[in-house]
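First, one chain by itself in structure tokens, the form predicted alone.
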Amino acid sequence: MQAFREAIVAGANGDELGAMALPESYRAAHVRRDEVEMFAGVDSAEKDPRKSLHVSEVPVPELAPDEAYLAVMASSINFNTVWTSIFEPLPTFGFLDRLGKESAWGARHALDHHVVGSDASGVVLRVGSAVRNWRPGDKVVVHCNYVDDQDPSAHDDSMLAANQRIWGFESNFGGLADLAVVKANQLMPKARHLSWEEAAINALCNSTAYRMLVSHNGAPMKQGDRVLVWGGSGGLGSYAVQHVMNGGGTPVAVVSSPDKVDLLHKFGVEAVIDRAAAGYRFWKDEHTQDESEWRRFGKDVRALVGAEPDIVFEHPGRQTMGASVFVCKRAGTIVTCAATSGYMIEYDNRHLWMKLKTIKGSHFANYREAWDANQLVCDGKVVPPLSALYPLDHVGDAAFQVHHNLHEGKIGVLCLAPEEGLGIDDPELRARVGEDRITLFRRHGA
């Protein structure tokens, strides 16, 4: 892949890239089937992605007719990569084995190594015979909805498809590598004013937040809504607050330190709560929640924005769901996409049914939603919250940071890109959006 790196950096066109020979192997971050028990008996917090994520050469798989080979310039770390790396809640090789039983092309995925990563920016190198809209040389980003459109269940909302998967988590050949294999319907245009690493971090979290708050499949938000956003400076929350502000709503962001309060104030979010300073204790013990703490939290929200939130943007899960259901406005919506603090949630159902509230589940985004969310990035209306950058060889360190919530925004990973700052094709748009705004998270984390 070194030859492709040099050609892309030198500005090679699609014909030149298409004429270059593909290698037999490529560098990739992966976990190994024979190591799935390596953390047996170890507490989740002590499981170390630096021990399980390997970076070495793996074979290049055959290309299916509806797929493309992508030279990956940059990628990012998402929580699903952490889960794969610590083999929780279960090893992802089971996902690959089930995919392997579906078809001859699916069988390629059921290997003894799993190449991880659900984000990527890069350049198309080859396309399969059934690909119509993309060609070698196209600069793209990748969304992670991996779906077979031959199934009728995929044709209303592909997130409801019977065989819907997340690329790089429930499929192989993901984005934390020098080469990736993606379906053509995962590709989207790269934002021309962003660098490879700035463009690489957006698709998963931005699309997820878009579906939750903007799409009719989510809450959805309307002008004037107050939206409580847990983890407002994190990977999901930093996109959520942008969608709320863009849509004429008022975000109320909850963060965990004075530094994050300051960051969001600079980002334009006025209502921010430092939960660590407030010292909320929503759980008295492992089995008992404290309604008086829910009330105290709700009072703090009302003091900032004058009323209860119309929408709660929920993703921590067990730690916060009880408080989220309580503080949400009468007839409001709690929209949830994850459970990073635990899947087994508890809440007082009286506050749900008697006040006609709704809990809405949401999972990633369909192609239309991902494309529209990406267009907002391309137009400069959503900026990338890139806070840190690691080389691919140190992907374990990057995943460790996310595992322990030691980061703000998103952590990027340089793959083929030899250095940061490359790939910017529209400096005029970048100047209009504002260098300070685009790089705010990175400068704040420096």
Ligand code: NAP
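In this text the structure is predicted, and so the values were computed from the model without any measurement. Note that residue numbering follows the sequence shown and begins at 1.
Keep in mind the form predicted together with the ligand is missing from the figure; the text below concerns it.
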*At 4.5 angstroms, heavy atoms only, are S76, Q375 and R430 all close to the ligand in the predicted bound form?*
no
*Counting only non-hydrogen atoms, choose the one of 294 to 302, 103 to 111, 254 to 262, 117 to 125 that falls within 4.5 Å of the ligand in the predicted bound form.*
254 to 262
*asked:* Although the partner isn't part of this model, could you tell me whether T84 comes within 4.5 Å of the ligand in the predicted bound form, counting any heavy atom of the residue?
replied: no
*Should L352 be counted as a contact of the ligand in the predicted bound form, where contact means heavy atoms within 4.5 Å?*
no
*Using heavy atoms and a 4.5 Å limit, would one call A338 a contact residue for the ligand in the predicted bound form?*
yes
_Can you tell me whether G137 touches the ligand? I mean in the predicted bound form, with a 4.5 angstroms heavy atom cut-off._
no
*Considering the ligand in the predicted bound form, which of S362, S195, T92, N366 comes within 4.5 Å of it through any heavy atom?*
S362
*Just give me the single entry in P309, G322, G218, G235 that has a non-hydrogen atom within 4.5 angstroms of the ligand in the predicted bound form.*
G235
*Give, in sequence order, every residue of 202 to 230 that has a heavy atom within 4.5 Å of the ligand in the predicted bound form, or say none if there are no such residues.*
L204, C205, T208, W230
